[in-house]
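Two forms, one chain: they're shown below as structure tokens, one block per form, named structure 1 and structure 2.
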Structure 1
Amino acid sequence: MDILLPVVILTSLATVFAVVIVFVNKKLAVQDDPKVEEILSLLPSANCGVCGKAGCADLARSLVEGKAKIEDCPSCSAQSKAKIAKILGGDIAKFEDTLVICACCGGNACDDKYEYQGYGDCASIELIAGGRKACSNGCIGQGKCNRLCPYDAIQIIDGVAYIDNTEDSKCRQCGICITNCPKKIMKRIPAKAEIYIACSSCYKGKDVRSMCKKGCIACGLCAKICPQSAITMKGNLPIIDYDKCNACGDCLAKCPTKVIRWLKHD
């Protein structure tokens, strides 16, 4: 009798609950839109929240309801973006893939206006007289981007942020560093770019040379010698038109301060 009673009670309890679960699952199942599951499987499911939604499941649902655009999720790979667009039925809009670079190479080479001893990160240093660097649009180097990057793709080398875009790059272009950098020197450039300008100074050459040994001195040589005339000088800084640039590398060789650099190899 001692064995029969517990067996009967537990088995009946388990059966009752199993029946209720099965009944509930069958009868009250709310048909989730199958597209949502499909899209969710294509999203990177890093739940980084950059798209402003509470995680990828939320993004998938709002994509189906049309409340969000696939571009909101920057760390989603190109093929899955194309697949998701196909699931959503829209035409495969031209997804302009981008890469993220740090448009500054000064760091320790750029003099400091004051020596910052205190608490906090780039944002707090920025509050005091526009940061400790002499050059007001240069990287402060306190590593806020390095800490916030969910994919650990940014390194602080010699006091300046550097994003490795070579083949084994961890950067998923999610854009957290762009929004959080107080100096706004993290920039998106088209994926097909081969070279980039590692400086965003707006000063004349004479002032730059007095502040930073590595900054662009706005000599304009790159613009003059570029065979495809892809480079134009705008406000003491060269701007590359990536549709014309064929990565011949003449400007890179000519640049006296080596501010123009290869993007995908060294």
Structure 2
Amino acid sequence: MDILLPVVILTSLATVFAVVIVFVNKKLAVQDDPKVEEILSLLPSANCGVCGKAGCADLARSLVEGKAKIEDCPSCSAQSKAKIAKILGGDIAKFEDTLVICACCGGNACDDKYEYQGYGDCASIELIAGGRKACSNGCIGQGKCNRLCPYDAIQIIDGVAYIDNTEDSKCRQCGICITNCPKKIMKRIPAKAEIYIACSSCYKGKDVRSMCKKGCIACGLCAKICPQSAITMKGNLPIIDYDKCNACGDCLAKCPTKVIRWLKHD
């Protein structure tokens, strides 16, 4: 009896406390808006953090609360974004799927300003005289994007980053490489695109020739011969209007440095 009484008392107290905790938990629980779960089901569940939130669930709550924009999630498809916009009562027709490309093809074909020796990635090398490449807009090729990519979708080939955009591509368009590239040469283009400009150089032709064997020499030939007038020159680089481009391939055939490339069968 001396042992049984304390056991009964403790069991009774534990039961009372459990009931109180359950009651208080139900009373004080924050009820999520039903829209949160609906939106969460449309998000990619990547939890990559590119949107600036703790994860997809946090982003879904922030969207409902008006503290985030649908555009904050680069991994979300245009179709899903339109559905989310409809749930939130916004414009459902303004979203377009994109692809990420590395706007550089220099790599080993671009001269080095110095030989880097030591530990570090692209960001570390960028701190020393703007990177080791002679072209200030050239891919450093040290593979920071490759290491950070959660989908193993980026390879370093001949000293330059390459994203495989074929049908079985691993890339989810999360944008982590865009955010972390010190040269800012990871760029988005419309998913409907079939060609792209694999260069980000802002130099004149003669300067490009002196530092890179593959860079755009700003000759403007592509803009002159495009039958759709889909290419214009800006800052010594061709800019493609993808709403006009029909991927005829004339610009690729005439480009002297082959800096204009097929996207999905390069």
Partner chain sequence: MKDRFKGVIEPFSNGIVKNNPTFRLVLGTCPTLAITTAALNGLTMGLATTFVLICSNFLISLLRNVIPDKVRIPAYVMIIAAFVTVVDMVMAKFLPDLHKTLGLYIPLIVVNCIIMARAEAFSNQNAPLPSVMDGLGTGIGFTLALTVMGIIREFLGAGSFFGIEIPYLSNYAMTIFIMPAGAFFVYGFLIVLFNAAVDAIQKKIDAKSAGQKHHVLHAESAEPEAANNEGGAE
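All residue numbers here follow the sequence of structure 1, with the first residue given the number 1. The term rigid core refers to the most C-alpha atoms you can superpose between the two forms while keeping them within 1.5 Å. Not measured: the values here are computed from a predicted model.
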| item | value |
| --- | --- |
| Structure that is the form predicted together with its partner chain (1 or 2) | 1 |
| Y242 C-alpha relocation of at least 2 Å between structure 1 and structure 2, rigid core basis | no |
| Post core alignment: A18 C-alpha displaced by 2 Å or more between structure 1 and structure 2 | yes |
| C-alpha of I9 off by 2 Å or more between structure 1 and structure 2 on rigid core | yes |
